[in-house]
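Below, in structure tokens: the form predicted on its own, a single chain.
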């Protein structure tokens, strides 16, 4: 250690730098040892068909590392961020290893609409896992019987408005034991259509993410069982092996939840963007005076309008329940606006407190999570 009573000598500084270099080398060696251990974990998970992501295990690990950091006088937040990065790399490594060998060796998958965004995404994953992937597009129906022969799964990835028609047309061409699945953002009508048209295994799937991702790591896929869960098992195991989180629900509950999670959320974002457009707001100028949270919120609006309007029309207007909820939301906004235009601050504060109480503990969680996102945004911009 340097003598505090004198200027550090050059030799002292060099010696300390060498010590840091040695520590850094040991850190790299330990990370390499960790990676080799992860390879052993992959072999065990493949043998037991276990998913890549184990949320309880990861959260427990992070809690222990935070406690250890505090004991050692280190910043727990820094250690958590570091280990989240390590865990993310570990999951990616596991996903790559697990996708190198498919759950169903020699399996054949037919993607109906495989040329679209999500169809292309799935095509890449199945092909990387060693499956024979066949694609059926609008102009290929004269060869549909040939494409469907001997397949193990058919996945319908077409717009919502065409899904039921495609299911009815496709199902008679499939092998009896082939899994029939769809990936639309509604589930009641498609699952009912699949059950009526196909006597074999049926499952409804809804990837809650867009096709622009590099992997399924920690992405949620809603699963709505239809028929023959065991017959569908290999397909679900394959999706889990890619790192996805499978959330099982009924078609009815799925559609109720998605009316809020997707329909209402996207409509509110659309309405905000539409209002800015109608007002002729100078977005660039507002950003010069914006807080990070405004930039984040406006970023979500801009993200919506950077994508396909056909896709969002399908999502927002998917079914009657969603459209009814949008009407209720418009009424609620109108009522709130009337209170504010009237200048009734007491009513606003009273309702604000009631809503805050209803949100409960989630508000504190939201503060922490949004604070993290804001800090990352500040680092970048």
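Positions refer to the first chain, counted from 1. The shown structure was predicted, so the numbers you read here are calculated from the model rather than taken from an experiment. In this text, rigid core is short for the largest set of C-alphas that superpose within 1.5 Å between two forms.
The following text describes the form predicted in complex with another copy of the chain, which does not appear among the structures shown.
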>> Checking a candidate spot here: are 104, 132 and 252 all in contact with another copy of the chain in the model of the complex (at least one heavy atom each within 4.5 Å)?
In response: no
> Looking at 237, 297, 188, 152, which has any heavy atom no more than 4.5 Å from another copy of the chain in the model of the complex?
Replying inline: 297
> Of the options 110, 222, 171, 181, which one has a non-hydrogen atom that comes within 4.5 Å of another copy of the chain in the model of the complex?
Replying inline: 222
> Any idea which of 117 to 125, 300 to 308, 229 to 237, 144 to 152 reaches within 4.5 Å of another copy of the chain in the model of the complex, heavy atoms considered?
Replying inline: 300 to 308
>> Is it the case that residue 200, even though its partner is missing from this view, gets within 4.5 Å of another copy of the chain in the model of the complex, heavy atoms only?
In response: no
> Does residue 91 reach another copy of the chain in the model of the complex if we count a contact as any heavy atom within 4.5 Å?
Replying inline: yes
>> Whether residue 75 contacts another copy of the chain in the model of the complex should be assessed with a 4.5 Å heavy atom distance threshold; does it?
In response: yes
>> So in the model of the complex, is another copy of the chain close enough to residue 218 to count as touching (4.5 Å, heavy atoms)?
In response: yes
> Within 258 to 293, which residues come within 4.5 Å of another copy of the chain in the model of the complex, counting heavy atoms only?
Replying inline: 258, 260, 261, 264, 265, 267, 268, 269, 270, 271, 272, 273, 274, 275, 276, 277, 278, 279, 280, 281, 283, 285, 286, 287, 288, 289, 290, 291, 292, 293
>> Rigid core superposed, CA of residue 335 - does it shift 2 Å or more between this form and the one not shown?
In response: no
> Rigid core fitted, is the C-alpha displacement of residue 76 between this form and the one not shown 2 Å or more?
Replying inline: yes
> Core-aligned, does residue 34 move its Cα 2 Å or more between this form and the one not shown?
Replying inline: yes
